[in-house]
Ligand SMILES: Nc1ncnc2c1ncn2[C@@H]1O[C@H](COP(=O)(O)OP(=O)(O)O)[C@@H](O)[C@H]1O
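As structure tokens, one chain now follows by itself in the form predicted alone.
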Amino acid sequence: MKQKSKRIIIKDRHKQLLSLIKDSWFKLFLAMLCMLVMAAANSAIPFLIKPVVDDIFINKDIAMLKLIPFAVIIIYFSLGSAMYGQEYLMNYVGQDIIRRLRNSLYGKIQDLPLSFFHKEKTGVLISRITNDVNIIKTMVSTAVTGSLRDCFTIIGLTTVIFYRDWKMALFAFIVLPVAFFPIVWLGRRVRKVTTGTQESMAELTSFLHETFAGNKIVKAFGMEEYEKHRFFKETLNLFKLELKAVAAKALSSPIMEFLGGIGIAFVIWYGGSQVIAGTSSPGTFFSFMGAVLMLYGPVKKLSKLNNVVQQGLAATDRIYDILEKESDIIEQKNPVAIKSGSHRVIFRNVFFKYDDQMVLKNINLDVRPGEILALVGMSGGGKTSLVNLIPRFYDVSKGAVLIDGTDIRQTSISSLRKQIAMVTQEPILFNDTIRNNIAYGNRNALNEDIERAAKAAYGYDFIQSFPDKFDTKIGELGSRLSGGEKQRICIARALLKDAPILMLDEATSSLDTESEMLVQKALENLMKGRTTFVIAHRLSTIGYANRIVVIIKGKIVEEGKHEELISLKKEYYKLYQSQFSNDKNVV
């Protein structure tokens, strides 16, 4: 049953790919007309051999001598024009299909939940969009084109062969069914090996992404030789898989060559004997022989194209593994739109499980509009997981998160996330201008608003120090900026979005003292009038909090103001002592 179900899924995927091809039916129709012209021209060439030999060389017909060269010029002009037309049109169709497939794949990946990105390697996803889609492009623009063109040519040449001598044609075609079985077997082998090759290429892409992004650490720890050895190991594995694919693909041509040779040998023996016996003319024989020789060419190409198709189908399966993936964050059919304004956030008996581990247990919180709530506790206690439930990066396993009394699972995801701004511990910026990074959540913002946000985030002065000011490109992940500068750009971005709910995930933990002071001032501007969740690394940074919640091993163990929690001398007191008494920064 499982095997049958798998076959049905694969068949459906191939149908979807064909439906993409059908969308360009008019250009396909024109391309097929061009292919028909090509097939007719290719078939006319061996057809003309008989009058050339019999009428010109044997009968010395002057009229045919004048007519046939003119006909040959017309045939080859038609052939060249049709070749250009089908090449351009089929590549247009192929490139358009790949563009749409790539867009669908990227769109699907962007729509998948955060948990998907935590489980998948970035390099593997990049490989799906680049390498796998390129393989499908080759299949569509080359294999589909070649198979249609060669099929039309085979039909045309077969017509010529049977017209010239149907008995000899039957013997010449005996070898084709014999060749069919090994070609099919080899095609399956190629598809299996190609899947392994594509997976290996994805791993290699992932490896390159990690080592290039982390090159500073590689150099700092003197691990260049180690990483080279790992890379060489990956390329050796890819090399072995590629050789297996080559071995399987290379066998198809020799098989077709040998079987084609048997057919041609028979044609020479049988046709030659007929000419000697006087039952057939030399022109008929050479015309038949020319058509057979031209026929085996497209037949051999079809056997090679089968390998390309199998590679493309393997890539199709890998792409549709992503396209068919269901998100576990499901929006209701008629969701409630959250209106802009101050919001009250309630966690009611919330449990959250990540994989098989229960991360949050029976969380109950009521955060009032405009309240600043600080979350503290040991690393890995569940603080980040808790705030990640608010924008529905994950869904609760049990219980509910409510905004203004409405379960967020009943709201539209877009309206929910419009209410939330976020500043994370690791500043995430894009290789674009400072202006566009600040306006990332508000693309229609005016220049005055962008500058006002930069000033409120204490970033305006350092931005003005750049020659291109707000139009300065900041490099990949903001590599041209310092840690404090990057964080202030992130704060300006959150300010410009002007969302009523704010999430600060250890936003100052990785900064030096001077940068932290500036960022802390910027954060104070950002938090004004917003319902704010602050994940605190340094307890010295949460003096402004209206309430502090201590989370240990997924549970709320203490709750209150700083002085109240200190007087209890329990978990918060221990954290405070570990930082201020021993001068340690461990939370």
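A residue's number is simply how far along the shown sequence it sits, counting from 1. A quick note: this is a predicted structure, and the numbers were derived from the prediction, not measured.
The protein also exists as the form predicted together with the named molecule; that form is not presented, and the subsequent description refers to it.
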{"item": "Close approach of G381 to the named molecule in the model of the complex, 4.5 Å, heavy atom", "value": "yes"}
{"item": "The named molecule contact at F152 in the model of the complex, heavy atom, 4.5 Å", "value": "no"}
{"item": "is_contact(D355, the named molecule) in the model of the complex, heavy atom dist at most 4.5 Å", "value": "yes"}
{"item": "4.5 Å heavy atom contact, H118 and the named molecule in the model of the complex", "value": "yes"}
{"item": "In the model of the complex, the residue from S385, T195, Q86, S206 that sits within 4.5 Å of the named molecule by heavy atoms", "value": "S385"}
{"item": "Contacting member of S342, Q425, Q332, N364, with respect to the named molecule in the model of the complex [4.5 Å, heavy atom]", "value": "Q425"}
{"item": "Partner-facing stretch of 415 to 423, 461 to 469, 372 to 380, 237 to 245, counted where any non-hydrogen atom is within 4.5 angstroms of the named molecule in the model of the complex", "value": "372 to 380"}
{"item": "Residues in 356 to 371 close to the named molecule in the model of the complex, defined by a heavy atom within 4.5 Å, in order", "value": "V359"}
